[in-house]
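As a starting point, one isolated chain is supplied in C-alpha cells, in the form predicted alone.
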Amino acid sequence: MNTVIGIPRGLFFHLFNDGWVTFFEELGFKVKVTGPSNKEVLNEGTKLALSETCLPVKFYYGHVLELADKVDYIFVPRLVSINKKEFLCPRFMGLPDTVEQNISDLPPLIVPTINYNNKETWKSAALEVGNQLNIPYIKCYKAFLKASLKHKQTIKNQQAELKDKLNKDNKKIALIGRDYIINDEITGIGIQKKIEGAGYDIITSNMIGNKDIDEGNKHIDKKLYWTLNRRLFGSALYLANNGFVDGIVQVITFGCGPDSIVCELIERKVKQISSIPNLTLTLDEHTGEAGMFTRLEAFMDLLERRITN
C-alpha cells in the first residue's frame, strides 16, 4: 500500500505518538511524521495563525503546512476529552476546523473524535478512521489493539523510569509543563539539556501514575476539570509533598489562560507545604535562549547552595 499518512509533530502527538504511528503502520500505511520543530516551522505557523493563538498551535500549523504536498492524508484528531468528566482546551476541539480554515490546498484530513465522556471512544475513533480509509472492520480493530498495547507499554516504561530515578541519590528537578511544550525541540528540549548538563535528573508529569496525581490534587478543594492542568498540579504537589525533588521548573507559554492560573496556583500551594524553590519560564515566539538559560542557571545555582548547606 503506497498511501502516506502525515502526522504533524505537535500538540498531542507528544503524548500519543506511539499509538498513532503503530495504528496506521498496522493498517499497512506508510507514516510520515514531521521533523523536530525549528525556527522556519514556527515562522510559517505564525504567519497562518491569528495573533491571539497560543504558541503550540502556531507550531502545529507550521508542521501541518510542511506535510501539505508530501502526503495523501493528514491526521488531525478532534480531541474533546481524554478523561471522564474532564475536558481539554477548546482549541483542541476545534483544531481540525481551524487547520482547514487557515491552511489552503491541504490533502484530506483524517478527523476522528476522541471524547472519553462517550463509551469506548478510542475504539470508535479507530473504526471511524477505518471507514474513511476503506479498511475492513476486523483489520482496523486488530490495529487498534496493537496501538493500545504499545501506548500502555510506554506508560509502564515512563513509570519504571520514575522509580529508577527516585531510587538514585541524584539531584532532581521536576520539569512541569505540557508534553507538547517540554518535549518540543524549540520550547523544551534545550531546557532539558541544560538541566541534565548541570547534573540533575528530570522528573516530568507523564512519569507520575494516576493514583499519585490524585494524591497531589488533594491539596486543592475544587476539582480542576482541565485534564492537562490537573495532571500538572497533581504531579507538582505530589513530588513536592513527598520531598522527591530539589526544585520545580514550570514551563508555560504566553497566552494560555488555564496555565497562567494553574501555574500561580502550583507555586502558592507548594509554598504552603514545602520550602522547595520554584522557577516559572513563560515562553513566546520572541523568547531568546540566552535570557531563559541565564534564569535557569541562576535557579540551579540557588539549588546547589541549598543542597550543599
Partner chain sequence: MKIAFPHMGNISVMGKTLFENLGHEVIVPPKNTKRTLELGTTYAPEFACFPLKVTLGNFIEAAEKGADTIFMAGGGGPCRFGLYGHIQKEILNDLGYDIDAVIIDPPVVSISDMLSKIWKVKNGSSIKNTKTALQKAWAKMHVLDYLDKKLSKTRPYEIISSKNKDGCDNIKDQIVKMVDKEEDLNKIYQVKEEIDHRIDNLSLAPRPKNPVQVAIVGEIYMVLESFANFDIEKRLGEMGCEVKRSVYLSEWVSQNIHPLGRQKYKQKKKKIEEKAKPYIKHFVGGHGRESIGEAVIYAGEGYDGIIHVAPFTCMPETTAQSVFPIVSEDFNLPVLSMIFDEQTGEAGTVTRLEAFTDLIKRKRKTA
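Quick caveat, the model's predicted, so the values are computed rather than measured. Residue numbers count along the first chain shown, from 1.
There is another form of this protein, the form predicted in complex with its partner chain, and it is not shown here; the text below is about that form.
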Counting only heavy atoms and a 4.5 Å cutoff, which of 192 to 200, 166 to 174, 125 to 133, 85 to 93 contacts its partner chain in the model of the complex? 85 to 93
Quick check: do 33, 141 and 185 each get a heavy atom within 4.5 Å of its partner chain in the model of the complex? no
Consider residue 26 of the chain shown here, and say whether it contacts its partner chain in the model of the complex, taking contact as heavy atoms within 4.5 Å. no
Residue 251 near its partner chain in the model of the complex, any heavy atom under 4.5 Å? no
Look up in the model of the complex whether residue 255 has a non-hydrogen atom within 4.5 angstroms of its partner chain, and give yes or no. yes
Under a 4.5 Å heavy atom criterion, is residue 265 part of the interface with its partner chain in the model of the complex? yes
From 72, 215, 161, 100: within 4.5 Å of its partner chain in the model of the complex by heavy atoms is 100
Its partner chain isn't shown here, but in the model of the complex which of 224, 207, 106, 76 has a heavy atom within 4.5 Å of it? 224
Only counting heavy atoms and a 4.5 Å limit, does any residue of 7 to 22 reach its partner chain in the model of the complex, and if so which ones? none
Quick one: residue 120 and residue 145 C-alpha atoms, closer or farther in the model of the complex compared with this form (3 angstroms or more)? farther
